[in-house]
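Only one chain is given next, in structure tokens, and it is the form predicted alone.
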Amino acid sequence: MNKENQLIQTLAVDIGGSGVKIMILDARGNPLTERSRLKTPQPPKPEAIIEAIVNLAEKQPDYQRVAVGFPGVVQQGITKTAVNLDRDWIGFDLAKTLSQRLGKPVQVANDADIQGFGAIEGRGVELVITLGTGFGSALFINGKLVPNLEMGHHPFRKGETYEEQLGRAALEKEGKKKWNNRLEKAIANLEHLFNYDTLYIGGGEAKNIEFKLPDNAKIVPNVAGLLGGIALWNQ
């Protein structure tokens, strides 16, 4: 890495169903600031969330580029799905719009993909799931991302998807015991499906896990959803 690139700083943004978080990273992806957070505006429309990002960014030191994690399918900076936000996000050019507001180049990817980049070791088959407002997922093979997995919206059990059974709404409705039982079954199911070497579990609700995880599974800190943003500029 040359001296010029060493000076580049990245504003990492994590858009979630309950919170919008940001942090400044150095060129190697190390945090230079503490994480800042605002509650996700309601209704969670594009204009309101972009305004929240701009407000948070104004309080940060200088940066040269932006990496954004978004809870849905993203293709070339355009958000294609937004199950836990607002339908106005479907077909919205987030990269272009945010770049215009901040005056910096912007890269956007699925939030679970970014969390994975911040957590994986880059060896073998690695699966990442995030437990938050919804259920995010990302699959990596020798460090390479398999795009647009969106496992959360696949059938899981009793005619419902992983997200319907394991999202925050299900946790609040059914309680920790039933939610944990479901999650334990989901992990067993996913291991048979993907034959992964390692499972990484992140997201705000990972703190509610009460059973012993398999030896090849580990909980990763939620800040990985910001730290992995540097990978969008290193691809």
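Heads up: residue numbers just count along the shown sequence, starting at 1. A quick note: this is a predicted structure, and the numbers were derived from the prediction, not measured.
The form predicted in complex with a small molecule is left out here; the points below concern that form.
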Note to self: To verify the annotation, which of these, V73, L102, L145, A95, has a non-hydrogen atom within 4.5 Å of the small molecule in the predicted bound form?
What the structure shows: V73
Next item on the list: Name the stretch, out of 118-126, 87-95, 105-113, 154-162, where some heavy atom lies within 4.5 Å of the small molecule in the predicted bound form.
Entry: 105-113
Notebook entry, point to check: Wondering, does L139 line up within 4.5 Å of the small molecule in the predicted bound form on heavy atoms?
Noted result: no
